[in-house]
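Here you get one chain, nothing else, as structure tokens; it is the form predicted alone.
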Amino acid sequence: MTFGYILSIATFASIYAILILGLNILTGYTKQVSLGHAAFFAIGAYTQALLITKAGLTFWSALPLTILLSMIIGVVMGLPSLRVSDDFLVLTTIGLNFIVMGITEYFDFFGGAMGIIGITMPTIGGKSIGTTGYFLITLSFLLLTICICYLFSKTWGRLAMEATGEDEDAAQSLGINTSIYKMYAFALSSTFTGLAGVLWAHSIGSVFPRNFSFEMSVLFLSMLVFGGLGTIRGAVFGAFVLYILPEFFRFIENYRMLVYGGMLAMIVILQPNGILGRGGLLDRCILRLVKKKAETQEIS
């Protein structure tokens, strides 16, 4: 593997980690399962692409507008969650995914099936930052997202979201406005996912409707479940591992997805809380070490 190839993989893995951190707020905290998150991903990517290619804005001037629009659309798309839940919400998010795909594919304003090309790399001082510079920017946004998610995890908002996800009626009896916190979850989730879409569009240099298919939404949810629902470490771990892992199976090109799918199924069956989730493999190892240390101290 060349350095450029490794850098490219690390860049995309970082982008997906930002997206999964956003999905974790929605699904990990409020338990609102989304199988249409590729729609929010597409909104961020297409908005940025249109602002760059048609409005003539730069990466830096278009970025805040794209994030703001992603948040607003996320809230609008989250309105159905106030009326439906569980399986019906899953079906609703799937429908949203296909609606966004249909709009981008069949309306010429969005480039149709030919997509939008010519999305250039960001520039600093009039010079393109290049692959290495773009990786550093992506990594910086990932670290910023992790910091924001960590700070949010220490607030009342996260507790209210988790209470809403565990038992909505009980949360309402405690005075929690569950509708508001559902909207907060959709707003924050779509904001981070829109940011991931922006970074992805510039890294690829083009966007096409088929880049945001239902299969991508399934992949995103798989990353979160694999790493561990409701945890920051699980979201980042799941994104990196499930993006990088297929690259190691390129030597069995015709069977690598079979091996990848089998490994994922085993993890879900054996580790339902995820590898790094609460009560997962890491938590059990830490608990075992603490217990062993305590027993050693008692003996001594």
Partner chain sequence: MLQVLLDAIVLGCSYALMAVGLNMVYGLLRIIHVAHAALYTLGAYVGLYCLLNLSQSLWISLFVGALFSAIVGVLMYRIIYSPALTAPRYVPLIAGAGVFIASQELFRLLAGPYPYSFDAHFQFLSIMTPNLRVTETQMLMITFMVVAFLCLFILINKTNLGLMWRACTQDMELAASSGININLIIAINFMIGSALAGSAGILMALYRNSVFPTMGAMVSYKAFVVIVLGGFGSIPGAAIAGIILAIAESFLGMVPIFNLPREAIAFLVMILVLMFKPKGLFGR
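Being a predicted model, the structure only gives us computed values, none of them experimental. Numbering follows the first chain given and starts at 1.
One more form of this protein should be noted, the form predicted in complex with its partner chain, which is absent from this view; the next part is about it.
Chemist: Is every one of Y106, L221 and V225 in contact with its partner chain in the predicted complex, taking contact as a heavy atom within 4.5 Å?
Modeler: Looking in the predicted complex, the three residues Y106, L221 and V225 all sit within 4.5 Å of its partner chain (heavy atoms).
Chemist: Does R83 reach its partner chain in the predicted complex if we count a contact as any heavy atom within 4.5 Å?
Modeler: Although its partner chain is absent here, R83 would touch it in the predicted complex, with heavy atoms inside 4.5 Å.
Chemist: Is the gap between K31 and its partner chain in the predicted complex 4.5 Å or less for some heavy atom pair?
Modeler: Yes, K31 is a contact residue.
Chemist: Whether I124 contacts its partner chain in the predicted complex should be assessed with a 4.5 Å heavy atom distance threshold; does it?
Modeler: No, no contact at 4.5 Å.
Chemist: Against its partner chain in the predicted complex, would L91 count as a contact residue? Criterion: heavy atoms within 4.5 Å.
Modeler: L91: contacts its partner chain in the predicted complex.
Chemist: Which pick from P272, P246, P64, G56 sits with a heavy atom within 4.5 Å of its partner chain in the predicted complex?
Modeler: Partner contact (heavy atom, 4.5 Å) among the options: P272.
Chemist: Tell me, out of G112, G95, G130, G118, which residue has a non-hydrogen atom within 4.5 angstroms of its partner chain in the predicted complex.
Modeler: Looking at G112, G95, G130, G118 one by one, just G95 meets the 4.5 Å heavy-atom criterion.
Chemist: So which stretch, 56 to 64, 42 to 50, 237 to 245, 263 to 271, is the one near its partner chain in the predicted complex (non-hydrogen atoms, 4.5 Å)?
Modeler: Among the candidates, contact is made by 263 to 271.
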